[in-house]
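What follows is a single chain, given as structure tokens, in the form predicted on its own.
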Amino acid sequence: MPEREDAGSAASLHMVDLIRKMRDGGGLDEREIGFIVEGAANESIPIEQLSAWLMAAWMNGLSIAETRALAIAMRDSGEKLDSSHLGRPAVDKHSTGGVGDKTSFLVAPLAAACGVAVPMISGRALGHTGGTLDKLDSIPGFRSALSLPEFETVVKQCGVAIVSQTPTLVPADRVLYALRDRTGTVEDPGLICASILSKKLAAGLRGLVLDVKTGSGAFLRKREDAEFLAALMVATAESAGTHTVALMTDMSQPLGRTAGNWIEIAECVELLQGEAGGSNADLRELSLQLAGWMIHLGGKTETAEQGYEAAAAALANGSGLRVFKEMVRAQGGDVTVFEDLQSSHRPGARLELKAWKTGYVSQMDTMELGWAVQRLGAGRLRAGEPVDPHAGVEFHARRGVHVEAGQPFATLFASDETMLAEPSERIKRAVTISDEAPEEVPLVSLIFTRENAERYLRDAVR
């Protein structure tokens, strides 16, 4: 049985004792949580014991103090990026995930163009949500699996890099994350918070902007659960020394007009090239708000509003596009594909889905729309499955607009025609067309800073 003799105490720690303690509702201190994390990272604690502890933690919940201790212990379980070498304040953005959620390709280069460093560690598609790395992989030659020295080099050179988690970065989270997926212990605020923040804090960030989704396409579909997670992440990151804000943002419909892989990259490049927006005005606006907060937390402006204006200027003058291309080139990508975005999109089959009735698009089950995109081949059910870079959906109508029966509603892309029927039926089931227009939903409904996050947690009944 794994045990550890503490340097300053005669008491040894035993994993079975900690499982029983957590199972029976007793809290764990920093030393005990550190023991579990170390055992996960170096594989000295058996998988069955880690699984039992995770279930006990899921059933009883982690306290705010335990969540902070877990996040910091996992942060320190492997290599960390020394951001002092970057020559700029390091700031990042994290989204809890959604459909068409492609803001990283806009906010990262825009913030970098305004003088902050953006060392972004991202993930792949799983379930109904798309993966930032899968979208970047649709660019020929792009490398997301960089070593830590390569990662630092690209950030120094371009101001930004978007990479996958390295084998030596936060190894404890890699073990615990995989176990949570296999043991049904994913949906716990403390475990989610510690997992997300351990990776972000390992990047040596000065500031962190969180995009917490709400609505039908959100991972946490209950508004109160999403708010609690947002406040918990802000308070935890702030207690670890990273200035953090969380924006509660709408995911009651796909963000922008596309959901997939290459088509999302193309949509962002069009905006970086100066497209004014329209069907993707929400994508442009949210990206500017997120980038504005990143620039502000990086100390480049006195307010987030000034950061917004700086990001808008970087979008207008083309410096955001220049930084994005520099990053792609530095990570091995072929930037010539951006010269003709349409010809670079090569799906094997496509289907134009027409509106099936006349009326207002009043409601979208965005999670169901995400599953439609996944079934086209753009996402995966299990880690490691291949994805189709050219699969996805382009939406021609958005929530609140009036459509006529027979007009184009969406275009579906897949590798072959046999994959089109099921997703088209899913889209029809997911979208409600009514006689009355729906009420407008704010794009950003709430912003948590340290002060109101701590107040929220004090008042929360959990």
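Since we're looking at a predicted model, the values are computed, not measured. Each residue number is its position in the shown sequence, starting from 1.
Absent from the display: the form predicted together with another copy of the chain. The rest refers to it.
With another copy of the chain omitted here, the record of contacts in the predicted bound form names 177-185 of 177-185, 134-142, 80-88, 101-109, defined by a heavy atom within 4.5 Å. Among the residues I47, L420, A65, A437, the one placing a heavy atom within 4.5 Å of another copy of the chain in the predicted bound form is I47.
A heavy atom within 4.5 Å of another copy of the chain in the predicted bound form is found for one listed residue only; from A430, A56, A41, I433, this is A56. With a 4.5 Å cutoff on heavy atoms, S51 counts as touching another copy of the chain in the predicted bound form.
At a distance threshold of 4.5 angstroms between non-hydrogen atoms, R20 is in contact with another copy of the chain in the predicted bound form. Using a 4.5 angstroms threshold between heavy atoms, L443 stays clear of another copy of the chain in the predicted bound form. For the chain shown alone, T411 is not a contact residue for another copy of the chain in the predicted bound form, no non-hydrogen atom being within 4.5 angstroms.
Annotation: in the predicted bound form, residues V16, D24 and N60 each come within 4.5 Å of another copy of the chain through at least one heavy atom.
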